[in-house]
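Below you'll find only one chain, the form predicted on its own, shown as structure tokens.
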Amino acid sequence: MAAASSLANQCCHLGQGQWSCVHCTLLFSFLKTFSATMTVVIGFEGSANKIGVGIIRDGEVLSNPRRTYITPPGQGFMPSDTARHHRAVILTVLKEALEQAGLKPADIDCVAYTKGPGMGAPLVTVALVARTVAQLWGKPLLGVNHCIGHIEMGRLITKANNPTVLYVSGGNTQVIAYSERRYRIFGETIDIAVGNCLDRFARVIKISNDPSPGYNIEQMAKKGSQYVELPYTVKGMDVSFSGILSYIEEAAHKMLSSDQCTAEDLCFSLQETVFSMLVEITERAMAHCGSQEVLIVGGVGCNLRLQEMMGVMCKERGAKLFATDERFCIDNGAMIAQAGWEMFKSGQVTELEDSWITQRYRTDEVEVTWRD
């Protein structure tokens, strides 16, 4: 309202700071109405080793701080230890989110949290905080599907219209397209996710987990020059990564000890193989849907080599590629806030007695009430 008053003073020329002309009165009325209809949603994300709190106001990211639980090289993150990390920092991150947004609890319209899928103990930690905050602040609560959070954040940031979505992360690998109020899964991994495959190989060759094993594999792969042939496992619209992982784990010990290749060569070969598989099933889904857009979301979606390979395929088809950077493709609170904003605006809320979590929460289980 201060901005509206300033504009009015410039318009009136009366120097009295009063709403003295018709233009100023109309401007004040418009801004008051506009401000009253803006919806602010805060989102809590903590399904894996990232804990984040983000605030969205009608498509604008007001804040999005997060923390990452990082383990020593060669080690993964255990659910109980990850939950302990989240409990230690979540209130600090919440305070940061409000301060960065310049908002108070009274300014929030809805509290959204990740319902699943994800790791049980971290999910419970975040859900408990979100439930408590919603009750303390007297705000409605919304449980959000983590995968849909990624999709809606990608759509918001890139402005993609109706893309075929490749969702790739440490816990999920899916090719998705929207149809009749559902995000339909056209293909997925039948065992482990692509991000999990990369992370577990990073442990084998003792790559640092800071800032993430996948990122460090990507940097090492840029220095690789020799391609080591690996199993290529596409089964219809689905992919399998467990066999590739087992093969390269065994090959790594033999080939590295005998100097047949370098660790950089293995990182390069693994990326080229698994990303080729992902591009293949994405292109097949595009052909089936008649789609001319691809949106890559999820933590692995930050990988520039994956984006490059997908871009080549899209160019050959006359299609467009949409992708984001690490601010929005890696797990974050704003993506939960954005999906929650869409859900809340369409009339959805989660009653307190229904605000549980689930480690297995399929993308296609959610009715997409906010899209035509």
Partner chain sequence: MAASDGEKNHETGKLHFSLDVPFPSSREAVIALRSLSPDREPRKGGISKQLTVSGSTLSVRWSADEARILRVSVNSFLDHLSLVLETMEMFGPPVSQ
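From a predicted model like this one, the values you see are computed outputs, not experimental measurements. Numbering follows the first chain given and starts at 1.
Not on display, but discussed next: the form predicted together with the partner chain.
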query: Listed residue that, although the partner chain is not shown, lies within 4.5 Å of it in the model of the complex (heavy atoms), from Val124, Leu103, Leu256, Val234; finding: Val124
query: The partner chain: the contacting residue among Ser246, Ser225, Gln260, Gln135 in the model of the complex [heavy atom, 4.5 Å]; finding: Gln135
query: Region of this chain that lies against the partner chain in the model of the complex, out of 88-96, 261-269, 169-177, 205-213 [heavy atom, 4.5 Å]; finding: 88-96
query: Partner proximity in the model of the complex: Leu278 to the partner chain, non-hydrogen atom cutoff 4.5 Å; finding: no
query: Contact flag, Arg131 vs the partner chain in the model of the complex, heavy atom cut 4.5 Å; finding: yes
query: Contact label in the model of the complex: Ser355 to the partner chain, heavy atom within 4.5 Å; finding: yes
